[in-house]
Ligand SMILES: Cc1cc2nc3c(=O)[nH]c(=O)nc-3n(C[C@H](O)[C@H](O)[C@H](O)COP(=O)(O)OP(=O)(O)OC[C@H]3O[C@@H](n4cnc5c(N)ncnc54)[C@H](O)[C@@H]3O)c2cc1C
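Just the one chain here, the form predicted on its own, laid out as structure tokens.
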């Protein structure tokens, strides 16, 4: 086993993880410090770097024509910019005391140690894969990396049948259901919750359920998967719940993800209640001066509830990387937290949320009022005006905005950005009613749906 030691009078930054957070950090640090002052070594166990994992369902569904369209910067491009990116290399151990990491070549199995002066952990998240019979069968796929997406497409090409079962109905589950539907599959979604999209309140999730059913997707709610059946050749044949069996030629797991922090845990680094690494505002791992972490492997501060959360989103990961790279490179930056904004779609149905759900507010001890309004995405008389439903949650007595959920057609999802800004500014719903939003009949009614909800919420708060 070789020992690679830092030296030559320059610092060495080691990055674990070659996607959004890791390579954003490496690239920003390189912009601030040239190779003569800072050596950068990055390890990535897969073949790809700096790609959009969020785009994988659209690549699988055919909206994105080719895999390489999702790659923002190739390993070769990173190397040309002075970053020693080693793909196909998995870090297997972090030795904090001796300031080094052990890495293994995925193909040859050869191992070596690499010393660091500064370390960035950007190991991402892993798809939840329950330990149930048949979960490792051929034709069962998690979708987290480009390699995962390629494996799924290869599997679809080898499959003669046209029956797909998606296990889970969160963001990945509903997006993969759409992708498989577009590929001509008969799609069944098996969901342990009462409604799809547990990131929404159940009344809003019901709207998603109805839309998915209308598209021809079979929704099975309140169903716990107990195992998978296989053919004699070992390929999956069905998904089994307590009361039913759903034939499947391919199975996609959309149950969610967990922080990939086994390396960090083994090294004794601090983890939060959700299993993610804990960092300070500069994204430095708490208690460790020269170790930073970012992306899907960390927990972040929820600015509305004041508690730590795990949210796996590329937007956060890229911001984390910019903050880390700035601090490693001698500049200064912080990441203050999030309000929990996310958008998605199923065919033409747009889904958005930001802030707290009702159960989130109850869990942290907030008392609240809710309103739900129906409006349209454009003036009612404008051609093709479509309905949208907006739910707003406000704190009782103070009227502080706590959360917004939106389900509708074109133009619905991005309206949540107005609410995200209001949450960040700690605005009340009364203050929101005076926001000077853009108006023209093709884009909005005279009173934008978000402002209609704010007016009703303000009136309800005054009444309480």
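What you are looking at is a predicted structure, and each value in this text was computed from that prediction instead of being measured. Residue numbers count along the first chain shown, from 1.
The discussion below concerns the form predicted together with this ligand, not included here.
Colleague: Given a 4.5 Å cut-off on heavy atoms, tell me which of 313-321, 331-339, 364-372, 270-278 is the interface stretch with this ligand in the model of the complex.
Modeller: Selected range: 313-321.
Colleague: So in the model of the complex, is this ligand close enough to residue 399 to count as touching (4.5 Å, heavy atoms)?
Modeller: The answer is no: residue 399 has no heavy atom within 4.5 Å of this ligand.
Colleague: Looking in the model of the complex, any heavy atom of residue 16 within 4.5 Å of this ligand?
Modeller: Yes, residue 16 lies within 4.5 Å of this ligand in the model of the complex.
Colleague: Does any heavy atom of residue 90 come within 4.5 Å of a heavy atom of this ligand in the model of the complex?
Modeller: Flag for residue 90 set to yes.
Colleague: How about residue 21: is it within 4.5 Å of this ligand in the model of the complex, going by heavy atoms?
Modeller: Yes, residue 21 is a contact residue.
Colleague: Have a look at 346, 143, 220, 204 for me and say which one sits with a heavy atom within 4.5 Å of this ligand in the model of the complex.
Modeller: Exactly one listed residue reaches within 4.5 Å, namely 143.
Colleague: To verify the annotation, which of these, 260, 378, 237, 188, has a non-hydrogen atom within 4.5 Å of this ligand in the model of the complex?
Modeller: It is 260.
Colleague: Only counting heavy atoms and a 4.5 Å limit, does any residue of 24-54 reach this ligand in the model of the complex, and if so which ones?
Modeller: Residues within 4.5 Å: 43, 44, 45, 46, 51, 53, 54.
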